[in-house]
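Given next, in structure tokens, is a single chain: the form predicted alone.
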Amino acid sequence: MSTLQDAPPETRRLSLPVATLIGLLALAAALGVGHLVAGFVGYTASPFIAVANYVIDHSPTAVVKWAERTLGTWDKPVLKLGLAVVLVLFALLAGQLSRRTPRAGQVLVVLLGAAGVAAVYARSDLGQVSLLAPVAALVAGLMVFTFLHRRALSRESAHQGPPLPGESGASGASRRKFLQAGVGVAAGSGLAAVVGQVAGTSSNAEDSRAAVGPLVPARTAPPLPADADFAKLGSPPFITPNADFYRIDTALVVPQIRTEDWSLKIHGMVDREVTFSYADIRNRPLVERRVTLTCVSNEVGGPLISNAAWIGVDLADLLDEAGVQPGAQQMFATSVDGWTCGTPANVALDRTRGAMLAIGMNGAPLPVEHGFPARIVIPGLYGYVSATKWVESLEFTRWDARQAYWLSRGWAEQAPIKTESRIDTPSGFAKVSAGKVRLAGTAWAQHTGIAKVEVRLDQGEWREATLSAEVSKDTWRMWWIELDVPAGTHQASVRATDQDGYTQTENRADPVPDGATGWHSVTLDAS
């Protein structure tokens, strides 16, 4: 008598749950092994991270703008979640298409693996040895898919055959073997991922940061006046704590760079190519400057602005040692993660600008997420052209020779920070008591300075607010005012005038291509 066990393989059929499980386990194996190998050849070579970085680097400009406007600082978590969902869907599809034969699933596994290889190959910050991680992931995923599929078909044959003596035992043994194999793959994948994570972060930059010790500037910033802010009245504190400083960058994984592994090369259109180690910078006389940084993607009234006391060296001193040639138009900065930034060369070279290579922030070595071991800080320019974190290369060149990350996505070549202001308290749609209502907020015009701030209720007259002491033209300035607010719903608006005499425009403009404009307003419900 013939049985299903004797039938050709193409007549056997896996159940939906089993086929689904095979696809998911193959995906887990690929990601786990890829992460394991990446822990030893380059952490960002992990296929999942590499593909996510590729998406960040090659997303259409319209998608990038939408993500910034809609997701803000949640863009990276949403990207990771979205990529995970896509990979799971592919794994499910691979399983479902392979209920009779593994060929379709194997093809999908190879295609996904090839995408990981291509993503790693495209990274300028990864060497050829890093390709071992996605290749290992591809091989592991293909082997696990094929192995589990063969074992599952064997199980189905034993399970579906006619009731022969002893078959029940065979069916149970096949089921147990398949489950044991599945559990083994899942456990092995998880262990591989954990080992890769530990290995990839073993050279944790926090240990190196802690070993830097105190940074004592030879030239300290002047003492802060008592009225540098109106924090008790509702403005932000003048100095933003490191933990609260806004963070916008393209790094899916924060680079972990130890001081002994870091260097800065200045090259291109220079008389002499020079390279500085961390010790070279650390042992120079350090300077402390308070500088407010602003992100170009900050909407009117947005939170992407913070102020810190930066410690480092004058960038102009380093550039003088290289001898920048007269024809250089941009300083093309590159981060260790491959991100690029183009700064007007004349601004970088201008000693009155106060550009810095910073190694400290608010009295401590730079936090890892804010650029440790070193970053660029240039007052008066939006961050995408002035604030390269984890910087490792400064190449002087022409604008038409190199195009930086955001410039290629439609943002402006020149990006001076625009004069803006913001109401911090009360918040929008706040319920207030009718009568005297105190408003407080922030204004900024970095490298120009704020001259006055005015506030009005509805379409009434503009009233001048009280300003905090000016600490520096490169830092923000706080303000406060009391308004008579009658019962009802009202709109309060603010505008600033800078020390060049420019009063910010009422006309609203999106951040793209060179920063948002418009008056910030809040609605008050007085009763």
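In this text, residue numbers run from 1 along the sequence as written. Note that the structure is a prediction, hence the values are computed from the model and not measured.
Keep in mind that the form predicted together with a small molecule is not shown, yet the notes after this line are about it.
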query: Stretch in contact, per heavy atom within 4.5 angstroms of the small molecule in the predicted complex, of 333 to 341, 258 to 266, 278 to 286, 138 to 146; finding: 333 to 341
query: G383, heavy atom within 4.5 angstroms of the small molecule in the predicted complex; finding: yes
query: Partner proximity in the predicted complex: S235 to the small molecule, non-hydrogen atom cutoff 4.5 Å; finding: no
query: Any non-hydrogen atom of F245 within 4.5 angstroms of the small molecule in the predicted complex; finding: yes
query: D249 within 4.5 Å of the small molecule in the predicted complex, heavy atoms; finding: yes
query: Option touching the small molecule, based on a heavy atom within 4.5 Å in the predicted complex, out of R422, R375, K418, R99; finding: R375
query: Selected contact from V453, L319, L293, L439, since only one has a non-hydrogen atom within 4.5 angstroms of the small molecule in the predicted complex; finding: L293
